[in-house]
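Next comes just one chain, in C-alpha cells: the form predicted on its own.
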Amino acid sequence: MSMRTPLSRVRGLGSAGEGTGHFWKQRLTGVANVPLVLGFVWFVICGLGSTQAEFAARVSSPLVAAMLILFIVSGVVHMKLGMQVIIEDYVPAEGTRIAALIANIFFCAAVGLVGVLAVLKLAFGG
C-alpha cells in the first residue's frame, strides 16, 4: 500500500533522493566549522597589532594557509547549502527560485575563489 496521494502518483513527483545527502553535508560542514572558526579566531587574535609583512609571513606557513583554505571552503559550502534550503523553502515563484538558486551558486563560488586566491597569494608571497 502506497502512502502517496493519487495526484502525486500521476505527477510522478516524489523524493529526489538528495535530501539525506544535503542534510549530511550541511551537518558535516557545520561540525567542521567549529574547530576551523576557533582556529581562525585564534589566528586573528594572535595577529592583532601585526604589520602587513608580519601577517603575510604568518600566512605563508603551510599549516596556517591550509587551515585558512579549509575554513574558507567549509564555510562557503555550508553557506551555499544553508541558503539553498532557505531559497527552496521560502521563494514561491518557480522562475525566481531557479534564478535565486543559480545566483547562490555563483555568489558562493566567487566568494570561495576570491578567498582561496587571497590566501594563496599571501602564502606564496605574490
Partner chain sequence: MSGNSRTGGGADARPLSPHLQIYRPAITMTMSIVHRITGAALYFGTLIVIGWLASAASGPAAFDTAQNLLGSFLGRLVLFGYTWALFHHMLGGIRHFIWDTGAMLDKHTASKVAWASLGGSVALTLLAWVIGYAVMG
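The structure presented is a predicted model; accordingly, all values stated were derived computationally and were not measured. Positions refer to the first chain, counted from 1.
From this point on, the text means the form predicted in complex with the partner chain, which you will not see here.
- Site annotation in the model of the complex: the residue of V85, A99, A65, A57 reaching within 4.5 Å of the partner chain with a heavy atom is V85.
- Although the partner is absent from this view, T51 contacts the partner chain in the model of the complex, with a non-hydrogen atom inside 4.5 angstroms.
- In the model of the complex, the partner chain lies farther than 4.5 Å from every heavy atom of L70.
- Along 77-100, residues H78, M79, M83, V85, I86, E88, D89, Y90, P92, E94, R97 each place a heavy atom within 4.5 Å of the partner chain in the model of the complex.
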